[in-house]
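Quick heads-up: it's one chain on its own, the form predicted alone, in structure tokens.
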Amino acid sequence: MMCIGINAYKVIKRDNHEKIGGKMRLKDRLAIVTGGSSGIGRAISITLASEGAHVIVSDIDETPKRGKYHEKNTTTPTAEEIIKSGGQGTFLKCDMSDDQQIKKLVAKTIDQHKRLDILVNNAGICFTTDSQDTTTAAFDNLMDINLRGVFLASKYSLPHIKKSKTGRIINIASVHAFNGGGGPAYAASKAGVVNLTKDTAVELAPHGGTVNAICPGYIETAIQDDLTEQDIIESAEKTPLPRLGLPKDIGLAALFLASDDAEWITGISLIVDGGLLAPLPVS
């Protein structure tokens, strides 16, 4: 692997909390982040809050997941972490496989805050069994959370996001949306999210809002616990940039798509993978 000098990174490095032009990019905006207690959702929640958004951190459990490879020492609930840093965060419990809980999540948010500007559909699960070892019940449960949950959260949020001058929906998909891998249920669910993103973008566009997806590569979160150490080594070897992804990498991508800087970008799938998908296949 080609080594890139450290000075190249010093040029582009920027603290997450540094404000462009001294202004908070999401000041006074209200955001819901599903699956916000851990991993990518936690990083997105903290990043949006650092730029002025009041973040509703939604998850089935307020306690962050701790992984055997990554996020070993994460213990503080996300909303508490946001408040400690001077931001605004509130935890609301929600099971993204439950239609009524999703509806109540949105209704309670509107009841308490009278608005909704940003929805981040991040909640998801993953298992890597093949078709023969994947049960119908497991397949259906994953689809309920990863795809149906995105549809329902968007469905119930859209009437309110349409009223916002800065309406945004950001869906977290995966590089597996474009290739096999990750199991038949996971890959199919994320491909569905990519296409649902495009359809919802067309629906929201006349109201001035945007809908985009982020497709992460390997990110160092507790969801990687199903992998072996050899799997992780191979993921690193396949990633052209000289490190694996961090949750903050996705947090910063979400911040861009949620900000005014991305107001004329909609229906895209932003790949954030360290260059994983860049090399051409070798026969």
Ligand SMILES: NC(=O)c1ccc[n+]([C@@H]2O[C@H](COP(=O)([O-])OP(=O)(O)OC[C@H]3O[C@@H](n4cnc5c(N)ncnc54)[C@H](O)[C@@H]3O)[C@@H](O)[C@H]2O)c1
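If you're wondering where the values come from, they're calculated on a predicted model, not measured in any experiment. A residue's number is simply how far along the shown sequence it sits, counting from 1.
Same protein, other form: the form predicted in complex with the named molecule, not shown, and the subject of what follows.
Looking in the model of the complex, is the named molecule within 4.5 Å of a heavy atom from each of Asp95, Ile125 and Gly217? Judged in the model of the complex, Asp95, Ile125 and Gly217 all sit within 4.5 Å of the named molecule.
Please pick out the stretch from 96-104, 131-139, 204-212, 156-164 that is in contact with the named molecule in the model of the complex, where contact means heavy atoms within 4.5 Å. Residues of 96-104 come within 4.5 Å of the partner.
May I ask you to state whether Lys65 is within 4.5 Å of the named molecule in the model of the complex, using heavy atom distances? Lys65: contacts the named molecule in the model of the complex.
Please determine whether Gln224 contacts the named molecule in the model of the complex, using a 4.5 Å cut-off between heavy atoms. Contact check for Gln224: yes, within 4.5 Å of the named molecule in the model of the complex.
Give a yes or no for Ile145: in the model of the complex, does one of its heavy atoms lie within 4.5 Å of a heavy atom belonging to the named molecule? Result yes; Ile145 sits at the interface with the named molecule in the model of the complex.
Contact flag, Leu241 vs the named molecule in the model of the complex, heavy atom cut 4.5 Å: Although the named molecule is absent here, Leu241 would stay clear of it in the model of the complex, with no heavy atoms inside 4.5 Å.
Ala79, Leu116, Ala173, Ala185 - the one with a heavy atom within 4.5 Å of the named molecule in the model of the complex: By the 4.5 Å criterion, the partner-contacting residue is Ala173.
Could you pull out the residues of 240-277 that have any heavy atom within 4.5 Å of the named molecule in the model of the complex? Contacting residues: none.
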